[in-house]
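In the form predicted alone, a lone chain appears below as structure tokens.
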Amino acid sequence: MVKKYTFGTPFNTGAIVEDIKAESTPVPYFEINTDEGISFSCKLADKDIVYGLGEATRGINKRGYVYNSYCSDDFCHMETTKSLYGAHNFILVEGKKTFGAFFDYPTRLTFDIGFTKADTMRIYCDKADIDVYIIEGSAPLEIVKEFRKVIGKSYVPPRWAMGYMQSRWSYYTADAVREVAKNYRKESIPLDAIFLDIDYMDEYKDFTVSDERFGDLPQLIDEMKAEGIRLVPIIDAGVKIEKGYDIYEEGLEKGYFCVDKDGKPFSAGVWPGLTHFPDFLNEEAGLWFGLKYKALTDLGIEGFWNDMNEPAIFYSEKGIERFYEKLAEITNGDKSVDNYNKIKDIVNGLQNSQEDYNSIYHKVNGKLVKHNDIHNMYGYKMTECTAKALEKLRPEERTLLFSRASYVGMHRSAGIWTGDNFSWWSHILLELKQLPALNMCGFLYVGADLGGFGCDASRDLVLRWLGLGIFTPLMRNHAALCTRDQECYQFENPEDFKNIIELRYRLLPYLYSEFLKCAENDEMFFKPLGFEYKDDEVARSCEDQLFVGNELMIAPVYTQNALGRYVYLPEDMRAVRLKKGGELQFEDMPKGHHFVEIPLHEVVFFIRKDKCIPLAKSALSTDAMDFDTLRLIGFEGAKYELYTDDGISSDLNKIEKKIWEN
């Protein structure tokens, strides 16, 4: 059951799609204080677990830290980081009391979950204009399903988007793209897509193509499709200020850009230099921008990734003015450490400045609304507008679409990747912990930059990350400018990478089927062990294993030089080991604790008792696969219900369901 409680005059975010009448009774579970803004306090018992918050740092259990729900472009995020690229205000308390809560508030919201006081969770914000939804049920999965029902169905990508994909900032020319495709095919490593980062554009201008570097883009698209490879270009939020640039001229003429307090278009520097930001909260402006994707869909592009849409701001015109004013206040010639730190702080203060965010306004229902009051809506609305336009541009087929910034509600339009991570072992574990929390908030098509975006990736790290990545719906290897090349063929013994990625393709009938089930039935693709075994204290406390769908459990290796890892089995299971050459070995293992050896070139996963899963034969791309000829592995006599479709049609009512028996 979902109940709504309204305070003040909340902004309608569109996160909730059902019409729920506000209650007049007090909010259960929380004490409320409105002395400054509004706060909600809740006592926690010793063994209570707090799940949720989607894309956040720390553990699956969020107790013991503070989290700020505020979409933030934080490239170097660590364990201490309080805000990441998405804002997902859903929590689920399980233990002495079990309930869910969604705080529908479109800007900064702080969750102090046992940090200030170990036995107290306190959620607070500056303005008492908020809708709070309390979701009650007897078990975590029941609560998640109830919440998912009221926020709407999750986005389903085309099936090819669940293949392996390769990206880099940047494949600088069309020939560089050809080289990537050639090398993957030379090593017979499956590949379904190559991404185009900002350098495919003409001076980083959206919906343009560099004549010098990608002048033959239509030919390149056709060449890649002949190889079973799609090209997926990036689109950034900012529009370059440049006379003669049609997107700029038209947006300016029609008043489609965000403005300052005086009604003049707000200007800020991003990749193209000074830009204006489309006002995606203006539905007309958003659809206008979304329909511009036609310049690329007309060429045969079938997928996009939206970026820089927190929005990220390198500097603003007024910010530069403030910079020089502050710099002038510092004594010339002073070489002290204090002076150095002052200069550094001034420079660092230019990027994503709160003063700048407070200077941006949107036109909503004829009124100016300060951006910082609805900050978390920007990337969500950009991507929602994109999805609506793509439905018009490509009405018969699903389009791959995912975004960096997000809020609950955007899950209906697209997936997300978890932002610019690093080639750190800790970020493998961070991804694992984010996956179920994102599913709770409706985001099913999710994944991280495999191998890490920043820093130089080592061979062993990429292999271990692939051991997790083969189970994530979005499986993309992505690396930053000036870092080591980390395409799978760049390392010695590329057959080890081939072997693991081929396992992903062999698992696709299962992974795609489970994804369709979760989208149709409002279920979770990734589940913490405690969701299935709430009376098992070891399972409840497990932070590095997950159920994938209803039949599999994974326990990836995420530490350097590990021979294997300890695994807890909450029930008898069958271990499946991927050996060199693609051979699968099976071992029945009893409930309990085990040390499982997992050499670097192997992957081990577990099939639950009395379950089985379908496997297909791998191919170089999803288009080349046979999804009708399948093999079942697992327990004898077990049955599996397979969900499938044509993999591309926008009509999701055409899903076929068939029972297979082992």
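Keep in mind the model is a prediction, meaning the values are calculated, not measured. Quick note: we count residues from 1 along the sequence shown, nothing fancier.
Separately, the form predicted together with a small molecule exists; it is not shown, and the next lines address it.
Contact with the small molecule in the model of the complex for residue 360, defined as at least one heavy atom pair within 4.5 Å: yes or no?
Residue 360: no, not in contact with the small molecule in the model of the complex.
Give a yes/no on whether residue 197 approaches the small molecule to within 4.5 Å in the model of the complex, heavy atoms considered.
Residue 197: contacts the small molecule in the model of the complex.
So in the model of the complex, does residue 307 come within 4.5 Å of the small molecule, heavy atom to heavy atom?
Although the small molecule is absent here, residue 307 would touch it in the model of the complex, with heavy atoms inside 4.5 Å.
Verify the contact flag for residue 478: yes if a non-hydrogen atom of it lies within 4.5 Å of a non-hydrogen atom of the small molecule in the model of the complex, no if not.
Residue-level check for residue 478: yes, a contact with the small molecule.
What stretch, of 572-580, 102-110, 217-225, 416-424, brings heavy atoms to within 4.5 Å of the small molecule in the model of the complex?
Residues of 416-424 come within 4.5 Å of the partner.
When the small molecule is placed as it is in the model of the complex, are 234, 271 and 314 each within 4.5 Å of it, taking any non-hydrogen atom of the residue?
Every residue of the spot touches the small molecule in the model of the complex.
Considering the small molecule in the model of the complex, which of 88, 404, 411, 230 comes within 4.5 Å of it through any heavy atom?
Of the listed residues, the single hit is 404.
Ok, 453, 525, 280, 443: which has a heavy atom sitting within 4.5 Å of the small molecule in the model of the complex?
Among 453, 525, 280, 443, a heavy atom within 4.5 Å of the small molecule in the model of the complex occurs only for 453.
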